[in-house]
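Quick heads-up: it's one chain on its own, the form predicted on its own, in structure tokens.
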Amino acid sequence: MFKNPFDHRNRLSRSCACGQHASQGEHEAALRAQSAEIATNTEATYENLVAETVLRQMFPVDAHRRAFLNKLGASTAAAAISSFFPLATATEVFAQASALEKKDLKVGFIPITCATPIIMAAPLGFYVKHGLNVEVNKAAGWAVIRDKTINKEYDAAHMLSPMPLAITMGVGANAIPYTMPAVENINGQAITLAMKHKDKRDPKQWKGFKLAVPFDYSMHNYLLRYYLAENGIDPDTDVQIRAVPPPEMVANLRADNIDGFLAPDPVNQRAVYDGVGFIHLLSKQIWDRHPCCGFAASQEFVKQNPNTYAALLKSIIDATAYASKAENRKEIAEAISPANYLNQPVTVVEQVLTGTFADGLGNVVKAADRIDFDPFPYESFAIWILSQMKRWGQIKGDVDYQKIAKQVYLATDTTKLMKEVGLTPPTTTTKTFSVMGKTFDPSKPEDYISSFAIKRT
């Protein structure tokens, strides 16, 4: 009611997720109609592909094909060819080979902005575009996501990028081969401290602090440990680090159960919004363009449902590309803020996605890449994560870093499907990068681990 009705950028109705329909029911009916149209178009595409292949074989010279069609006419030519080659049967066989094994899917997510592509692909129609009917289900915590995916209650899920590696290796759970073919977000995290600590901006003053991260196998845990250790604080002896589900972090900060956290957004911005915390540091200041969360599925799901998997991954890649454009961020904030998704005030989500935000210390900060979206799962990301798992004693013994990275982070699949949706993938699956000024070479992970003074190995 406080929006300026004469401002063309403001939408005065929130009747549906996209703002183009009178009700959410009309919005969903439109998506179903779009799905039916896509199915019809797909069938016609199969017919054309089969007919084109047959004609190319019959007439290698295109001028001969055109002369044949001009002489007989399209319908007579099709009937003549069908008399000796079963076009209809070939089309049906081809369509069955390419058909989606499952159209109705359940995908789990945690209500944080890291899941933006997975969430927004539902209200903004990206799943429907690729012929899928996807129900996105909000989960309470990462252990729930892991267990429901393993138990096949979810077909796929939003996971922390270390989780598919840990599940595949049997760290913290039974070993089950998992895949992470797409990164959901890069950057998008922060260290937030309670307001009472606004004069303790030097991490060396944090001895005795109780700090929270979302999960033991998370980028948040590894980035926080890295940041503390680089500042001379042993994360296992000088502070306490505990796992707290993101939806519970602000309440724990308000209740003085913790002194701060390294958390995904919008948790950090919500702490500022509620006046209980301030943003000490954006995670991009530790490692710029680091991965955080990913889209994950079991290897079994991928093998049993290759066409469905490809359509699902295309949907995520498509949505990620849309989310990467700054001009779409306000629309996305409105689409994912409602109670069934993030359950946050639009202004909180908008501050995160646009990168113009209050830091809780009286400043308005502008950081356009506070969060960004890039789907490519570099194998070197996985190798860095594995190096930190070993550094902090979560895995022991010899580790085949390259083999595990290639097995779980399906960069070659993503390369192929990015091209199919009109995107340009990177030319290599690995790259070097810098974390707090220290260069990481993915070909030498053991040397990297040995170079740290504070470690558990």
Partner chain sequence: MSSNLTLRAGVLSFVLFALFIAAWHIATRQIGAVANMDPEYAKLMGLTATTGKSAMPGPFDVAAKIWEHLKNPFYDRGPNDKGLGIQLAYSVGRVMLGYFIAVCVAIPTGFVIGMSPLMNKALNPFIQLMKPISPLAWMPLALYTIKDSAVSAIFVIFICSLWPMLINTAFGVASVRKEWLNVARTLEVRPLRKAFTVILPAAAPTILTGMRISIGIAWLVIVAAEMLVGGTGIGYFVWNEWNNLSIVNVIISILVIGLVGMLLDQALARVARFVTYPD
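Computed from a predicted model, the values in this text were never measured in an experiment. Positions refer to the first chain, counted from 1.
In what follows, reference is made to the form predicted together with its partner chain, a form of this protein that is not presented.
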| query | finding |
| --- | --- |
| Option touching its partner chain, based on a heavy atom within 4.5 Å in the model of the complex, out of T308, S387, N221, Q344 | Q344 |
| Heavy atom within 4.5 Å of its partner chain in the model of the complex - the one residue of K148, K103, K129, K284 that qualifies | K148 |
| 4.5 Å heavy atom contact, K138 to its partner chain in the model of the complex | yes |
| L361: touches its partner chain in the model of the complex, heavy atom cutoff 4.5 angstroms | yes |
| Its partner chain contact in the model of the complex: P247, any heavy atom under 4.5 Å | yes |
| Its partner chain contact in the model of the complex: R270, any heavy atom under 4.5 Å | yes |
| Heavy atom of each of E153, G275 and N340 within 4.5 Å of its partner chain in the model of the complex | yes |
| Which of 186-194, 108-116, 377-385, 312-320 lines the interface with its partner chain in the model of the complex (heavy atom within 4.5 Å) | 108-116 |
